[in-house]
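The chain below stands alone and is given in structure tokens; this is the form predicted alone.
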């Protein structure tokens, strides 16, 4: 059977990094910040998770350092892009370039290797076993035995949707994106609201990177975010930063990613199967812009 338990088991592992980054990007979008530094934030988070695991000897150390690294990248973006008035796109490109160079430099400086680093002290994030549910064909593989970050990402979809729609702080964040002057007139600083959105985005992207480096595998490879940040950005643009649409879109990309590995077994070139999610992203983006153009006319 082409779609079996093995593919079902891999779908959450593939969509979780993209989903976490997309949630963070949606927060920035609603706050009026055009953040295209998701790729760099994920890469720094992936590296920090491996470093934390290696020195702490435990996966909690990896997640903790990834969270701190995500906060730091969000604050760097906020300092240059929000408080110093820098252009969002230029700051984002700077962060993406910095992430590639910094992780490669630290990989050599800390571990004396280049390209890839793995070690027995890098501990995998534990998985959640759902007992008898795991015995259900296909569905059991889909929901049981997944990383705690998979469940965290799913919970964050609903929590973020509630936050943006009903919570006072979420309403303020949306107000910043729609009319910052009105929010300033009631004594609330738009700059600090945007800073909060960027820090949250940095943390979510870093946890997405941790899913890549200490859950999907237990190693770090230079450039291992491999365009997933850009796919997350496409999803947010396609869905208009609406969480109820972002979730199924991320699952679709996870499914395509998983099917790509299965197709490799049929003898197709690896480069072709790895390009499938990006081809889908381009097709979906063109369709979304075409529909928007028709609505405007």
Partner chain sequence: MIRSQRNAVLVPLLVIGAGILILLALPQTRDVVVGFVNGAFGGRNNFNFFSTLSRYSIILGMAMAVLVSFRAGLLNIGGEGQLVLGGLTAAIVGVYLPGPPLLVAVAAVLAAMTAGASWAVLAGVLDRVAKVPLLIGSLLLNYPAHFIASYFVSHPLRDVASGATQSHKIMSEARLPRFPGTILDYGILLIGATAILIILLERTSVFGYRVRMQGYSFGFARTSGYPTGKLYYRTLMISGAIAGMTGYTAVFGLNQRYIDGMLTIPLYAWTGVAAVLLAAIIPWVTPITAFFFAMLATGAVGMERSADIPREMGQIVQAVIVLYLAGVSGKILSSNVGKDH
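Numbering follows the first chain given and starts at 1. Since the structure is predicted, the reported quantities are computational estimates derived from the model, not experimental observations.
Omitted from view is the form predicted together with its partner chain, to which the following refers.
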Of 214, 91, 150, 193, which one comes within 4.5 Å of its partner chain in the predicted bound form, counting heavy atoms only?
91
Residue among 272, 55, 261, 245 with a heavy atom within 4.5 Å of its partner chain in the predicted bound form
272
Of these, 91 to 99, 158 to 166, 206 to 214, 182 to 190, which stretch puts a heavy atom within 4.5 angstroms of its partner chain in the predicted bound form?
91 to 99
Can any non-hydrogen atom of residue 230 be found within 4.5 angstroms of its partner chain in the predicted bound form?
yes
Going by a heavy atom distance of 4.5 Å, is residue 234 a contact of its partner chain in the predicted bound form?
yes
Could you tell me if residue 105 has a non-hydrogen atom within 4.5 Å of its partner chain in the predicted bound form?
yes
Is there a non-hydrogen atom of residue 200 within 4.5 angstroms of a non-hydrogen atom of its partner chain in the predicted bound form?
no
Taking its partner chain in the predicted bound form and a 4.5 Å non-hydrogen atom cutoff, the residues of 32 to 69 making contact are 34, 36, 39
